[in-house]
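Okay, so here's just one chain, in structure tokens, the form predicted alone.
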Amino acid sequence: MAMTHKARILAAARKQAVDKLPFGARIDVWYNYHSSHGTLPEKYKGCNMVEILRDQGAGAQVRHLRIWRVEYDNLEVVIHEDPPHKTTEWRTPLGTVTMKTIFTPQEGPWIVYEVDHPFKTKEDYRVIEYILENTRIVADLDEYHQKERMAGEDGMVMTGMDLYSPMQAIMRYWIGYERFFYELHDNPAQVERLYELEKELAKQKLQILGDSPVEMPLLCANWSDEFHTPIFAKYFIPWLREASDYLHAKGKVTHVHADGEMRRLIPLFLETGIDVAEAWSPVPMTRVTTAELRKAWGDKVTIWGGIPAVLFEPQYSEEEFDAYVMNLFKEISPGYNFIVGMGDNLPFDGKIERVGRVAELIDKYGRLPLEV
């Protein structure tokens, strides 16, 4: 009996044998855009993403941001909606900080982006500390279970530790990347105090994940070597190793969303203990080829991705697309510990039929060991 998409993906993540290359595709940018504009292909109107990918012969990545919710004690959170912007105020006895974000799902994205960060002056440290000290993480799996039922054996529901590990959360959410490095230099004790508080919250999330049915939790996302290399060894590796070890003891495999420039981070990655690097985006989207990554990591890490998102766009011909996929098969030969996927999403103007074409090429050439 043939393996299901989910079974193949999990087996490859665990470095176990599979019958052919697993294929887990992500199409939420394309789906969100065309759903909101009424431009889904006629045969897919009324379909969800899993149903579309099933028709294309691909396994599905169903994104779910988190399986917990945030609750606060001894402070007030006030939200002002001005679409596409949202302003969040944390009103505490020590003062107020605000964050402004933007979210435009009709253009495809599903992630909120920060326009203005809570940290603005040194006085904000004590306010942010107070917020973190009065934050509780509460399990909330209802929507996750709904998506798991939707995916079934046709794919994976991708969820985990929000998007960022503790220090990256400070960089991205609270301070902002550019300001962060100045603060780490000028006020290291205050930054590291926030880091310790974020770690305590992250441990609450880890416990929820460890006790949950999530098989392959996300631990971090969106690295880029120019931002993260300077602090990766000191702040990222120890936490990722601790988190990965904890979840391994719970019988789970771990992954990160590794879609950025990675050349300088590639050797450091092996110190994290993470099992899967998902959303791998090679040349021409980054400066690293899949062959280089396979050589550097060997069989120690399962790679998920390998087909750049731009290849699905109409400026590339069908012949160019096929040639790239066939070359990918050569680069990853004999094909173990690899999950074919996008790096990292089907663009809004991408051709959905090329998802099906990948499935066809895997059916024809993707039996393991690969002989391309």
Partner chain sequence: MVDYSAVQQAVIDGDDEKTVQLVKEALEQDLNPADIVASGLQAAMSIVGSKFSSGEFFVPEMLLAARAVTKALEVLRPRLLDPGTVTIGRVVIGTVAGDIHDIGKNLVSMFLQGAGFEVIDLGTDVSAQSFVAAVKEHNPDILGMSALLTTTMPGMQATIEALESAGIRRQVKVVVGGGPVTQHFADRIGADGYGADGGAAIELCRKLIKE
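Residue numbers count along the first chain shown, from 1. Treat the numbers as computed from the prediction; the structure is a model and nothing was measured.
There is another form of the same protein, the form predicted together with the partner chain; it is not shown, and what comes next is about it.
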Partner-free chain; cross-checking the partner chain in the predicted complex, the single residue of Lys122, Arg149, Arg264, His248 with a heavy atom within 4.5 Å is Arg264
I need to confirm a contact call. Of Glu153, Asp186, Glu71, Glu76, which residue comes within 4.5 Å of the partner chain in the predicted complex, counting heavy atoms only? Asp186
Going by heavy atoms within 4.5 Å, which of 248-256, 223-231, 191-199, 295-303 lines up against the partner chain in the predicted complex? 223-231
Would all three of Glu51, Trp110 and Phe236 be in contact with the partner chain in the predicted complex, where contact means some heavy atom lies within 4.5 Å? no
In the predicted complex, is there a heavy atom of the partner chain that lies within 4.5 Å of any heavy atom of Ala323, even though the partner is absent here? no
Does any heavy atom of Glu178 come within 4.5 Å of a heavy atom of the partner chain in the predicted complex? yes
Is Glu331 part of the interface with the partner chain in the predicted complex - any heavy atom within 4.5 Å? no
Would you classify Asp28 as touching the partner chain in the predicted complex, given a 4.5 Å non-hydrogen atom cut-off? no
